[in-house]
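As a starting point, one isolated chain is supplied in structure tokens, in the form predicted alone.
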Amino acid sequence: MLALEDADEVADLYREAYRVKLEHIGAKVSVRGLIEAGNVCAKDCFYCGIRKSNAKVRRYQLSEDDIVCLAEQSKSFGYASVVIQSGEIESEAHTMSVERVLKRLAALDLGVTLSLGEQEPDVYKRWRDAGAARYLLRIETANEELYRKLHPANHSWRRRLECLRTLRKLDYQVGTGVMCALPGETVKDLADSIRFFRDEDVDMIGMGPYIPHPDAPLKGVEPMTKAARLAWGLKMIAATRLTLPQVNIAAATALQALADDGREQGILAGANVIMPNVTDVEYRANYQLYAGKPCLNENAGQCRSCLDRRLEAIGEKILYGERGDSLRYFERCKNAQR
């Protein structure tokens, strides 16, 4: 499926993936208000715009009050789930701060996804006990050798894998994902990534095309057109939906960076989740993992109105007031009880 190049065959792939999405999920899209809580990061990934060594980034960290306020705003928009995302930090102070935020969010009755990187098992447990229901930790590639080429020597693919398995043991809805069209990545690597999703039995998948950042070492390597990058992202969504019909798949913002209707194309290729940014505009420019991030100057209210129009135009309904939990997660729970 991923190797298809004929335009008609690729179109057939998208149509079939969308048919499967309709069969299992319906013409419905779940939303999560995305809170970019901070861009301080201990990691130095060669592709990332907020990597530790990028001195051009103005660093920020939202206060606990700010994060809770944005979650409240998300709920007022009808978003019944939020994603709290930041650079990777491992410290007791950070752990306690997230813990306090989660306990305060419990009163809002929101589905909370954390995307805060690699942590020790006890930290994941504390956050789960405090109210986090989901965790997104992208493996970036299922090819361990390729992973080593994209990261400094002190970054470990094996540790990332163990973190995902720890999250599963702690009964999180587990999310992961990869970048598509990375330098040196092959079609087999991408196919192996889908097999990785299947073998690890994940519940949520967030993946998008690799887009170079001008201040990251990987910039300018193996140039590719926007259309080609977009096609890889869409084919990965479609092939993943056909392989794993019950998982939640996000139409990543990176798709919109490559085409104005990129997220809608992602939905029509089988995705069922969109994460509108609710972070204050003053911070968005400082949370750019890749170049060309869209909607930097649109406030959360404008994003919501735009989202309504865009999805209505393709016949999809936004599930306001619903958490949009993973069908695969509930199926696994049901099977465990038998």
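Values in this document were obtained by computation on a predicted structure and should not be read as measured data. All residue numbers are counted from 1 along the displayed sequence.
There is another form of the same protein, the form predicted in complex with a small molecule; it is not shown, and what comes next is about it.
- Message: To verify the annotation, which of these, 70, 289, 31, 311, has a non-hydrogen atom within 4.5 Å of the small molecule in the predicted bound form?
- Response: In short, 289.
- Of the options 166, 119, 85, 143, which one has a non-hydrogen atom that comes within 4.5 Å of the small molecule in the predicted bound form? None of the other options qualify; the answer is 85.
- Query: Picking from 237 to 245, 202 to 210, 124 to 132, 94 to 102, which part of the chain touches the small molecule in the predicted bound form when contact means heavy atoms within 4.5 Å?
  - Reply: In short, 202 to 210.
- Query: residue 75 near the small molecule in the predicted bound form, any heavy atom under 4.5 Å?
  - Reply: Contact check for residue 75: no, nothing within 4.5 Å of the small molecule in the predicted bound form.
- Task: Report whether the minimum heavy atom distance between residue 47 and the small molecule in the predicted bound form is within 4.5 Å.
- Result: Taking the distances in the predicted bound form, the answer for residue 47 is yes, it comes within 4.5 Å of the small molecule.
- Would residue 249 count as a contact of the small molecule in the predicted bound form, using a 4.5 angstroms cut-off between non-hydrogen atoms? It does not: once the small molecule is placed as it appears in the predicted bound form, residue 249 has no heavy atom within 4.5 Å of it.
- Message: Within 4.5 Å, heavy atoms only: does residue 179 come near the small molecule in the predicted bound form?
- Response: Yes, residue 179 sits close enough to the small molecule in the predicted bound form that at least one of its heavy atoms falls within 4.5 Å.
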